[in-house]
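Here you get one chain, nothing else, as structure tokens; it is the form predicted on its own.
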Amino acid sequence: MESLIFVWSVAIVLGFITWRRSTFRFREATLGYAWQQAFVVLPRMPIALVAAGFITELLPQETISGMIGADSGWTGVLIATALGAIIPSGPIISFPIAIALYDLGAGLPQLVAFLTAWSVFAVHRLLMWEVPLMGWGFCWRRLASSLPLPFIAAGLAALVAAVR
């Protein structure tokens, strides 16, 4: 609940700043872009949530909690990183999958690693966009420099969870 309040507070403050600077920009952002995105995202959400519900029913809880559960440690982070890298989807599917994995017993650091790897290493994006546009040399350098990110994010998530 605290994160929801925080996100809405930031949105309201930034909206107010935009409105004070330019009412045209505020109107363009709220009536234009926000509604445009809502029409794209809202029809997909029920399907994604139903798919996530099926995932929770199809995958055995013991397997998920054993592989990427809170007690799986860095091995679970590594497995979650590999899973995140091979999930061929956008956020409409990946985040409900993360929710389903959480419901099946995945640990918080492992979920953070999963989502970080999905956003940084997505193999489908790499093969469809990066390699054809930038070449293998760029892609290898980007992947090598990004390799520690899921592990750093998982470590920070574990620290935050320990402090709370």
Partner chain sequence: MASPEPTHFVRRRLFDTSFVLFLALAAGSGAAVWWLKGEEVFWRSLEGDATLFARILPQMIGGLLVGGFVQVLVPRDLVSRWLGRESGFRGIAIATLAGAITPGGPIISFPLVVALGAAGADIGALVAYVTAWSAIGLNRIIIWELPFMGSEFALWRFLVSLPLPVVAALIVRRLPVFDFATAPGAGRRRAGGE
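Positions refer to the first chain, counted from 1. By rigid core we mean the largest C-alpha set that fits within 1.5 Å across both forms. Everything quoted here is computed from the prediction, not taken from an experiment.
Absent from the display: the form predicted together with its partner chain. The rest refers to it.
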- Within a 4.5 Å heavy atom cut-off, is residue 86 in contact with its partner chain in the predicted bound form? no
- Message: Within 4.5 Å, heavy atoms only: does residue 91 come near its partner chain in the predicted bound form?
- Response: yes
- Message: Please determine whether residue 42 contacts its partner chain in the predicted bound form, using a 4.5 Å cut-off between heavy atoms.
- Response: yes
- Could you confirm whether residue 116 comes within 4.5 Å of its partner chain in the predicted bound form, counting heavy atoms only? yes
- Residues of 7-21 having any heavy atom within 4.5 Å of its partner chain in the predicted bound form, listed in sequence order: 7, 8, 10, 11, 14, 15, 17, 18, 21
- Query: Just checking, between the shown form and the other one and with the core aligned, does residue 18 shift 2 Å or more at the CA?
  - Reply: yes
- Message: Superposing on the rigid core, I want to see if residue 27 changes position between the shown form and the other one - specifically a Cα shift of 2 Å or more.
- Response: yes
- Message: If the two forms are fitted on the core, does residue 145 show a Cα displacement reaching 2 angstroms between the shown form and the other one?
- Response: no
